[in-house]
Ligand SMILES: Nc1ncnc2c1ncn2[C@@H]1O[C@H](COP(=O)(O)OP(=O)(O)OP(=O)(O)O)[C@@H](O)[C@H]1O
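Form predicted alone, single chain, as structure tokens, below.
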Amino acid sequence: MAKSILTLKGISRDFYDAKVRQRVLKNIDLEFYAGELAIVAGPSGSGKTTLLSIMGLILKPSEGRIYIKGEDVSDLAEDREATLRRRNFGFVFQTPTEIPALTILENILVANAVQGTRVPPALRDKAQSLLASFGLSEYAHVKPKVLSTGEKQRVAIARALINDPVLLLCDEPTSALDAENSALVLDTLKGVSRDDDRGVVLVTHDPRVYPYGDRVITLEHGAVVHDWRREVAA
């Protein structure tokens, strides 16, 4: 049986506009598993990015509970929440955000370096290994400006994986890519999701992404209207 990574129970989220409440998520019950590429789909304004932010402990729900590997993490202090976020989640955003002055290898390790301690050789080796697995070894010591947008997005995935997150959260990672680069990034994410200890969640409004998913969850007006999982041959 697949390992449960993240469970959402009764998640709702309100925003206020001129003191008028707008409920953008409505009583969401979802569970996410290791070894799975789950796609969260829906039109603009359906609540996809809000849901992803709550999943990653960036945004607190107005109602409901969040569980990481069975542990209720709904009411943690901010410092404990930040520690859990760093240990459990990797984030890939719509636009790659490499630091131009750093090499590709340095960009992957930058979060570890800014903590004020020397980057261990083992972690540097791991970064090299991630680049190799994504076919980017030759770019380790060059600056980001020589990379295509698709290559930069794969570097962003490597950076998100450097600390072994249990869940990779991706917000429209292919929206700025052409068809060829989009396929390369999606193939990379599909490979990442095959880890028995890790899952991938990808938010998108692009139906061309759907065939890569093991599961497609559709949101409309802040509610789950469809949760389809691909059948696995016996």
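The model shown is predicted, which means the values in this text are computed figures rather than measured ones. In this text, residue numbers run from 1 along the sequence as written.
One more form of this protein, predicted in complex with the ligand, exists but is not displayed; see below.
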Check: With the ligand left out of view, which of His205, Arg208, Lys60, Lys69 would have a heavy atom within 4.5 Å of it in the predicted complex?
Finding: His205
Check: Can you check whether Arg198 is within 4.5 Å of the ligand in the predicted complex, heavy atom basis?
Finding: no
Checklist line | Non-hydrogen atom contact Val24 with the ligand in the predicted complex at 4.5 angstroms | finding: yes
Checklist line | the ligand contact at Glu36 in the predicted complex, heavy atom, 4.5 Å | finding: no
Margin query: Taking any heavy atom pair closer than or equal to 4.5 Å as contact, tell me whether Ser46 reaches the ligand in the predicted complex.
Written below: yes
Next item on the list: Can you work out whether the ligand is within 4.5 angstroms of a heavy atom in all three of Phe15, Thr50 and Glu172 in the predicted complex?
Entry: yes
Next item on the list: Using a 4.5 Å heavy atom cut-off, indicate which stretch of 175-183, 38-46, 162-170, 60-68 touches the ligand in the predicted complex.
Entry: 38-46
Next item on the list: Give, in sequence order, every residue of 70-97 that has a heavy atom within 4.5 Å of the ligand in the predicted complex, or say none if there are no such residues.
Entry: none
